[in-house]
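Just the one chain here, laid out as structure tokens, in the form predicted on its own.
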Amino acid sequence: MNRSFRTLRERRDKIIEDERTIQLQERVKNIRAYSIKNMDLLIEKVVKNFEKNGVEVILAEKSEDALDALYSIVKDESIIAKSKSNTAGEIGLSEFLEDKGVQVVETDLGDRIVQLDPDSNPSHPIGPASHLRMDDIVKIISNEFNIDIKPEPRAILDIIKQDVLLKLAKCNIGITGANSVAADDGSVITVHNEGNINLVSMLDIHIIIVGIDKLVETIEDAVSVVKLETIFASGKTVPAYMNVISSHSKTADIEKILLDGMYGPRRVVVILLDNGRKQAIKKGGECLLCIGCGSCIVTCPIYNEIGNEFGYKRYLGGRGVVLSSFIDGNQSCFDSGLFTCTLCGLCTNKCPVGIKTNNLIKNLRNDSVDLNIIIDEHKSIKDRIKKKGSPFKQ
């Protein structure tokens, strides 16, 4: 993981000091701040424009609402395809569907490797398998497919690719997330390098699950956000693919008669998830400014030591700890590593939109202490000071 992160840092640091990147950062900060401040208006707009475009919209207040809505669509399927999605991980989508007897095929290479290893969890938003050495991956694949392969990247890729394509041929439904959503246009933007989202989004039914925090005003705003995300996530100025999805597949090439379902999906469904985000906005909404680049965890000294033990589900590091308090409550926030952070502020220093995660964690620690959710050792120190006048006296 540290080797992978070092490579990311080197790529990122070469371009983040460029004047154009600095200007883009300022633009995106303003875009995200406007979005958080005007969330209700953007939700109203995007629902109206999605429906105008022929996209079905489901507003889900809680994880359970999103899962129930999604299962009502996929319940007759035995297998579905999925691309990388932190929001899907947030609601436990894969585990939920697997429990219902629906096989979920991860199509992202890193996510698929992690999925095949019951002992692994993702370690970075765009590099889920960053924590696994090549020898580890070879063992995972050998155990899954009962074959011997060489510890070479191309050999690993070919085996996973062949298996995923075979399973994709059996799928009618594809589930993706979204990197940004343009309210004025009723459009979703996804970015990727592997081309897997192209395959998943072209199945008969395309379901997009996305948090309301991904809303921005226009397509131009959405492109700015995902471009900055790409710079800080991968050290590249643009991704291999940037898809804009505004409706289902259709054609009017025969006497301008509109026909649905040409080569792409005949049905597109967007599930807009709240799940504590409106509550976060009431508290200032700073943690929702995040564009999902993962720059904070690449920089974080704690995360570089203990990995994904620090964070909440797919929301890794300190920002994930903060978000967990709104999604899952104070105890979950504590369990995610509330008192693990050093409060050093390096995450803020490298955050492209300047989220002061260390200050947010400091405030949450105060709340936690008020609720008597504290570390046992801290309680012992407090008691020793109270009784003996010093934390060191027994």
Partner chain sequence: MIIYFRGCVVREKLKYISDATETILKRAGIDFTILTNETCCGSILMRTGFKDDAKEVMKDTLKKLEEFITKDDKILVSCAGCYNTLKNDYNELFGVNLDVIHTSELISQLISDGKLLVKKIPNKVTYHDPCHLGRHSSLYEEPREAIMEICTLVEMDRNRENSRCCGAGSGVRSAYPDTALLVAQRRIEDAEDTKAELIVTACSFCILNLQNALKHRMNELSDDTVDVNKSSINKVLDISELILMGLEDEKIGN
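This is a predicted model, so every value here is computed, not measured. Numbering follows the first chain given and starts at 1.
The same protein has a further form, the form predicted in complex with the partner chain, not shown here; the description that follows concerns it.
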Item to complete: Please name which of the stretches 41-49, 61-69, 334-342, 24-32 has residues with heavy atoms lying within 4.5 Å of the partner chain in the model of the complex.
Response: 334-342
Fill in: Non-hydrogen atom within 4.5 angstroms of the partner chain in the model of the complex for each of 14, 20 and 139
no
Response to the item:
Heavy atom within 4.5 Å of the partner chain in the model of the complex, from candidates 179, 249, 299, 224, belongs to 299
Worksheet item: Taking 4.5 angstroms as the cut-off for heavy atoms, does residue 362 touch the partner chain in the model of the complex?
Response: yes
Discussion item. Since only the chain is shown here, I'm wondering whether residue 358 would be in contact with the partner chain in the model of the complex (any heavy atom pair within 4.5 Å).
Written reply: yes
Worksheet item: Does residue 349 reach the partner chain in the model of the complex if we count a contact as any heavy atom within 4.5 Å?
Response: yes
Worksheet item: Hey, in the model of the complex, does residue 95 get a heavy atom within 4.5 angstroms of the partner chain?
Response: no
